[in-house]
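Okay, so we've got a single protein chain in two different forms coming up as structure tokens, structure 1 first and structure 2 after it.
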Structure 1
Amino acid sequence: MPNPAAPVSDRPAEGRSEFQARVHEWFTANAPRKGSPEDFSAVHIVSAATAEEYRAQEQHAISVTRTWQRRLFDAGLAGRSWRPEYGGHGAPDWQDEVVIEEQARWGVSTKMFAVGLEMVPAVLFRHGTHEQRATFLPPILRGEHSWCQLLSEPGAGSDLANVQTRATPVDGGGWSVTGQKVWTSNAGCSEYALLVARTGSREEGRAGLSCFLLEMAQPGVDIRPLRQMSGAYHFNEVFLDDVHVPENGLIGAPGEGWAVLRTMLASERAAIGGGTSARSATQLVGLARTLGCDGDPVVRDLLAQAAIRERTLDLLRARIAAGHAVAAAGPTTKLLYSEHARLSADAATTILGMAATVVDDEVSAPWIERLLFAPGLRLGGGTDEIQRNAIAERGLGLPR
């Protein structure tokens, strides 16, 4: 019997199935038990009557995620593909996938850390300095820092180049940031944010944008929750009034913000489209069986359609991972994922019938939650329409 606390050691020449077996062994011994500080079954962010109630749920969820991320780090399972000098292991990318898959199997997740684990490293490896990477990346892996994004504004949704928030150089070094951001997830429970702001003139458009690393807990940062259609307070407005960013908070050079944003958004799309799908097709089959309508050919057709969408998306991701040339892979998988989520929730309502009209039913409630979440998936990380433009222009080469 191996010591359950022993970390999963690095074995450079190891194949996927061997690594997977060792990860599985670690999870078997270490997956969170009920009532433990990293028990995800107690994490419940659905809706709340007040913003305060929601914030309390969110704080609990982030604390569970922090504890769990730290456990993964101590076990040698965090940042498998990151370079060792930034807290990682220098292993191939697929080892991160194996860990994510295994987490899904045990009902645990680090998805609340997606910005820190996916987008920050994507941006800093491409555009950041060694010092920035050494400063900001290790605390993410250790579960100490949660990150959010300060990108969209009331006047800059799909047209992100229209950002008006200003960053002005201050005497003695660093920047002063003033403006209004919106649709920020996890703003109230994050230590840092990726920020885009205007350093040049309005007329410069994209060329006047710069990206920053901003500390959230400081004077001038005012977070106001927004209530979304499901009743949850997941998003926030963030007002910035003379907020300070030190010299080393600028990513790249002034005016390079658009290139940094492109990297950030590509990474976000890949994170949304490339993550493990919720296994909604299997869950729909279970729902039909539970409700006793699994013999109905119309229901069966819906089940098969869901399975086809889910399976082909998984297979497409496997092809991309195997090196197949798929044009505009990020927008393609993101769009397929958002369609799958929308259509599966819609199929569930057909299967549920009148049970879909009440939210106090434990069978229907999780599906209604998805139904009311799906419209957001079609908007976040670039709307469906923006993804289609990207596929057509960058993938198929059609004129702008």
Structure 2
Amino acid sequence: MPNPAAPVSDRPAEGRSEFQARVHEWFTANAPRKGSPEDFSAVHIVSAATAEEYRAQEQHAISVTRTWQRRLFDAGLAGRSWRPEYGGHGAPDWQDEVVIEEQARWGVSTKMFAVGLEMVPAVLFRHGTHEQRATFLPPILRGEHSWCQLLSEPGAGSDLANVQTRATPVDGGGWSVTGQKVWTSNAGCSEYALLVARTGSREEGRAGLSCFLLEMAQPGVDIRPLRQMSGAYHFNEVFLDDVHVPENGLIGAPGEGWAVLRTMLASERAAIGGGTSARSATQLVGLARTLGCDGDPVVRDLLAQAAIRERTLDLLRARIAAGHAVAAAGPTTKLLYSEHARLSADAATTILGMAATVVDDEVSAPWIERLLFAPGLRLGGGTDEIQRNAIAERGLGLPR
């Protein structure tokens, strides 16, 4: 009899249904159920009273995520379609989708590694060199390196063409980077960053931007946490003072940063749209049952709405994964997800009633954190307004 906890080994002629069955069997044996005491699907949503306490909780979240990602890798479930020299198995693309879909059903999360797992590969597979892929991708799959993005600046939020952080060539090769970034998620717990900096003149706009791979733990990198209304320190300011980037840290050629950035943002929107809170209907049902109000007509209506939104997202993502033409797929998915997260957190406060005002209540605390975290989802990867513009222009063909 096969051991369900054993690695999912490669079977070249294996069909989708057989592979799905084996992946499901492995998750059944190894992953906690949603709503169980071991559920860590929201481990990436962290809040604390002080920056020091937040950093400790953030490091705990990184540790939990790293352990899970390593288990996926050892089981042969990480990077199924990647070439072996990049840590993968050279399997068909659909096997990655099977793993992603199955993982979304369980109480697990890899969102602390979202930049590394979902954005860095998209960038390097499209714009990077073989050396960059072979160097940076295998440690990401093994859960060894966490990544962040150094994009927004005080004067360049949604308008990233206005980035002023400058990368200057240095004698002997490489670049010196000086400038300021803001709203950087997970900067304090990341080993590496995707950095957008200006290598051309300010007048060149987009044409003067370049993208780099930056090591965070080096002289000249100063990370300062920013306190949010939720009590979290999820975002950071990052000051760069004569920070070194080696010659092979440039992605593509100088001046090609805007093309790299577009790939990065498209993958970010898709990653946000596939967030673990997209399975929140299951957890809302569990909350209602815990409180004994799952028979209340108002509560049942809220649960039905959440289930419908969730199913709509699932079907949209399945169409995209199957290769069907979906106009403005990234912006649409991201917009639907941010709305779902907001409405689901709001539904939870209705179900909780006055308990939603008690921040140290064991049942309500996770939902209060989600409620306060949800507005940030409407900003990350481009605001809701930017997504709607993209849908109107690229999806519906409306004029600018």
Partner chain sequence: MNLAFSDEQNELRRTVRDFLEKNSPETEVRRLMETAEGYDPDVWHQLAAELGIAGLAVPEEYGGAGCGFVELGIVLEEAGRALLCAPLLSTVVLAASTLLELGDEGACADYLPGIADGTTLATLALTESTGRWNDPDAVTCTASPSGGTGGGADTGGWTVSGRKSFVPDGQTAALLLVVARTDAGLSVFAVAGDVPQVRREPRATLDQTRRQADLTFTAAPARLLGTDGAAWPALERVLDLAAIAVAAEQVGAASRVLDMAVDYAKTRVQFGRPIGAFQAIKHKLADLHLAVESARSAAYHGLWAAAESPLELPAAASLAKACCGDAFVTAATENIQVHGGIGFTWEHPAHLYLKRAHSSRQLFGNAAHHRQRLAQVLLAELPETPALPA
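These numbers were taken from a predicted model, which means no experiment stands behind them. Here, rigid core means the biggest group of C-alpha atoms that superpose within 1.5 Å across both forms. When a residue number appears, read it as a position in the sequence of structure 1, where counting begins at 1.
Here, the chain labelled structure 1 is taken from the form predicted together with the partner chain. When two forms of a protein are overlaid on their rigid core, residues whose CA moves 2 Å or more are considered shifted, and T333 is not one of them between the two structures. A253 is not among the residues whose C-alpha shifts by 2 Å or more between the two structures once the rigid core is aligned; its shift stays under 2 Å. Residue displacement note: W106 has its CA displaced by at least 2 Å between the two structures (rigid core superposed). After superposing on the rigid core, the C-alpha of N30 is displaced by 4.3 Å between the two structures.
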